[in-house]
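Read on for two forms of one protein chain; each stands alone as structure tokens, with the labels structure 1 and structure 2.
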Structure 1
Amino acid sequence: MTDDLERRFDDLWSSLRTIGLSAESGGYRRFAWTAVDDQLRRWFREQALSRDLSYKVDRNGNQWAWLGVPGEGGIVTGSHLDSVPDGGAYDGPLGIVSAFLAVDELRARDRPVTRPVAIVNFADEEGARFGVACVGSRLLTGVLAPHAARALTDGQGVTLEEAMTSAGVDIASLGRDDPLLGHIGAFVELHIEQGRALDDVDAPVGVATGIWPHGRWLFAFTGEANHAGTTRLADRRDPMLPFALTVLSARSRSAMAGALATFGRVRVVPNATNGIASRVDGWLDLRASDEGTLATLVQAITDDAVSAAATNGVTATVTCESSTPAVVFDEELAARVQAALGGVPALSTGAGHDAGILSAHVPAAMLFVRNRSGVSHSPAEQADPADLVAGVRALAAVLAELACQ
């Protein structure tokens, strides 16, 4: 089975490669609970059934493919299939393609599989459509309340409740799923590295030690719409000014603290070239090495925003839309993963993952596959075929260590 793994990887990857691919940008537009997402979900189901795996959709819309009967102590791997707008090919799908191939490898080994093994596709990990990341895993673990999830709205005013209902999900049953959590003895997520640490040490695979605390905050500035050509500067209540000052504040303060601040999404009302805006909404993504630094930065940036707004006759409100504490992955599980791989580099990350959400509820670990470009959330994301195969083999070795006893 292992001799032709590169060919089998290429075949499986090709079956997924064109779904949601934008000819315009070269990136992927795979947003939760859309027609494209439906194609991805049907692909997952087909891969599960073609391998005689038991296919299930849980109460929160996450997809599962089980080898063996689901039960206590199951070993779960997988990731997500959705993307950020015009994202790269590997972020998410690599973990699921590798999982199916790793299970193929596991079944071909001489050692019997003595624990149930599952592959999972977590719904709406990126939060690109409804603004909250890791919705599927947050609902599963109870981190996101069902009523709050149902009320999430996309840019066209469609609620998550409406979108999931249209996709055939019974939203009445959303919420924490203790029986399913009880089936997870360990969760191991394989993911493309979202940086260049592995390339710096010339290693195809690494193990994650933890995830920085991070969150998303909506900064809303409300002023007064007016004519760009007739309104004197002194008479303006322009929300764009305090917003711009807040962007600069976030950048300079995070640089001094060794943190990462990004305003990557903006909404302007009425968004007219010859008009002064009445409102500017900007979403801050903020990540820091520890929770104290993160909290201090959020407060300082908020104070700067409120002050800049007052100076310009504008009001400012700040709303935390999601917050994820620091994650330190299970040390015992990490040691077993390291032992199964004969020792590989260990690294932390500032990127959030479903594994980070699950880590507070079940033992969790992550494998990273080298990203030669060091670029993520972009079509420039890149991995060598040899590294992709090394990732599959590493995941198969970890599954064998955990499930074949």
Structure 2
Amino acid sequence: MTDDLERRFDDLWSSLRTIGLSAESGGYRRFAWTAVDDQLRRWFREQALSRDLSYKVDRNGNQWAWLGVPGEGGIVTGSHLDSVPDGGAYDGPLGIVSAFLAVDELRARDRPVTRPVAIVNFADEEGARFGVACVGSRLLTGVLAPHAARALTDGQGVTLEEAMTSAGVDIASLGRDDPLLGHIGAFVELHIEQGRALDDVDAPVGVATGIWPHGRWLFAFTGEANHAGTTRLADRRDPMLPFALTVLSARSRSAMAGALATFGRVRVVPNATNGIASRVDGWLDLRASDEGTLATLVQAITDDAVSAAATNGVTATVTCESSTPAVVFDEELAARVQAALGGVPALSTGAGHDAGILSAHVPAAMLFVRNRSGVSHSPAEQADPADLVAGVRALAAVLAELACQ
């Protein structure tokens, strides 16, 4: 164990700090397959080579740095370097910086490393540019079909095929990679916590038990456009009213069920100050601890929406746009992680991660590092230096447990 870890964390963190930083917002704009992303990927390659790790890009554009010869039973850690628009510094990069430092710790120990160890940078985790999250890990595991990935298009009309080709990836090679999956004996992703649970129990590090099932539903309320100044209330078919009632229904029902419901995106047609809307679309993001609760909640909120719509002469249609089943992380792996750490809080999360995608194919686990603000997908993410070091030490302990027999 080295004793200048905090300084070395600072040094490594600083080398990444300005890449993709927006002076305007104070947040990061690190989108997949852009010039900024290229800087980040060069940084990853340099870190790998400077440590004498063998550097590889897999068939799907994910970057790998191997300690030892890649082979069966490898212990893999890492995360992603891309960000949401105006995201925080830690979401993703913390897992990769911590991984390099944890491998440094591992090599500085007395115990021989008996398995291959790898650090991975999964491409395009946030999906900020092409709209689909976890593209790198979804391609690797075959969850996302290559032809569907190639056709994804960004806001400027550039396809993912064009963007990856420009970045030098051989687009013909995309797809499920069984040999590489066969080399992953376990995947452990360290991530900044995206809530306040660790802060509440005053713990710097926790272990994930699973990812809540979640989905997105479009609630479309169709009424009748009319003049705001002349249409009697009794003659109105105003879709804004059942939309408002549904927002409140979703909140109160999710509170009662211990779930998370959010309407954060709205589209109003025609969206004129002096006109009753003809249509209001609201997107419900809903997450619950289990699939039964999620299904019951969606049905109850849908019933409320349909009923509120009918009262107002409006029609409501509800469409599921995406649905992700529950992820339960491998129990045996979680037990070994807990054993390595001497017991830390276990928590579940509502957010998707590459570890969640991989968990259906290989044993996967996640470590969370306390986020003092509890805020995520925002520059307000915040972690104490002591907690950052505690995260590296925890990850190193887990790697030692798994890779040193």
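Throughout, residue numbering runs from 1 along the sequence of structure 1. Just so we're clear, the structure is a prediction, and the values are computed from it rather than from any experiment. Under this definition, the rigid core comprises the largest set of C-alpha atoms superposing within 1.5 Å between the forms.
Only structure 1 is derived from the form predicted alone. In the motion between structure 1 and structure 2, where one rigid part swings relative to another, the hinge among Gly136, Gly78, Ile211, Glu193 is Ile211. Here the chain moves as two rigid blocks between structure 1 and structure 2; the smaller block's rotation against the larger, from C-alpha superpositions, is 19°. The shift recorded for the CA atom of Arg237 between structure 1 and structure 2 is 12.4 Å, with superposition on the rigid core.
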